[in-house]
Ligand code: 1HN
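Heads up, the chain below is alone and in the form predicted on its own; it's given as structure tokens.
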Amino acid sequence: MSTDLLAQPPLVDANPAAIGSLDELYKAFTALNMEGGWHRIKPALWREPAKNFLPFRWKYSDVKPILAAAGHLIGTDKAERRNLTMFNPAEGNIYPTVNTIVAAYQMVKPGEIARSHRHTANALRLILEGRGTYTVVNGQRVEMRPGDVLLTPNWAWHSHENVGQDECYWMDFLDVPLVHLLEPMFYEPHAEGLEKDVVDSDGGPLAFRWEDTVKRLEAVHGQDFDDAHASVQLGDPALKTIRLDMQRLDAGKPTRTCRTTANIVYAVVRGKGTTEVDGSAIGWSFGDTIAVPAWRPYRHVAVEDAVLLKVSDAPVMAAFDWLRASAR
């Protein structure tokens, strides 16, 4: 190593007398895009997670007619993906559903093709209604059936095609807000529009079939779960940034009250009920979406036997030892 680098750096002259008042002091460092740690406008540390995002519900019965109308007014020439994203009503928010996850409803009409693209965001979809639609993920052509959950890992080519007679409705979940925060967003449309070397597949680890999930839920029903009466994880985790749990609720039997540092979005796969979040009661039924922001106490009460898909950023929190949870 050069002896010049090891030498003491030159002293910088400081003249405290040039700053004679607090006003002058504050102006001096504010001009340098700095803030005094002793008088922050907003604290940098707080005792527990702040309540920035709000509990909220989106009703599928409200959304479906709008998507159906969009099917007549918005063709694939105007939109590669005909979807409606659910942005949290927190003040100033225009995109995320919860802090790290965005959810959307999407519809593909018979005969339509959503061309192939890929992006660094991880994605998955829960199929609500319609048969005869397929997704192609990195060359695997997989049928999409109601109740199924299908994965699109980051940077995987994916497209959709409806070859049936039904309009196909589903829910998308992506970690786009997290990617926006960390900034490694890349997006690329397929140069040829669609993948050429495609093979039919049962989906393998990319698809969680409804009938298989039901069997797994029946096998664990009656065991002790904090926020469900039966719960199975899809994948381990399903995606590097997203954990999926399919959960069964028994009618008339409240779950424990829970809270976690993980942000959660629930999708109603079957049944009806209410989720109480931080003192507010949110009713729900088939196809609805419920936002449960981090560290808000919540519990479920089904009025008829129900199944919920729990989508959370728990793997992100766990990776940095930030995952905390409690139940009472």
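Here the structure is a predicted model, which means the values were calculated and not measured. Residues carry their position along the shown sequence, with the first being 1.
The form predicted together with the named molecule exists for this protein as well; it is not shown, and the discussion that follows is about that form.
Look at 236-244, 81-89, 220-228, 197-205: in the predicted complex, residues with non-hydrogen atoms within 4.5 angstroms of the named molecule sit in 81-89.
At a distance threshold of 4.5 angstroms between non-hydrogen atoms, K109 is out of contact with the named molecule in the predicted complex.
At the 4.5 Å threshold, heavy atoms of L174 reach the named molecule in the predicted complex. Looking at R248, you'd find every heavy atom of it more than 4.5 angstroms from the named molecule in the predicted complex. The named molecule in the predicted complex comes within 4.5 Å of a heavy atom belonging to H117. Residues H158, H160, D172 of 139-173 are found to place at least one heavy atom within 4.5 Å of the named molecule in the predicted complex.
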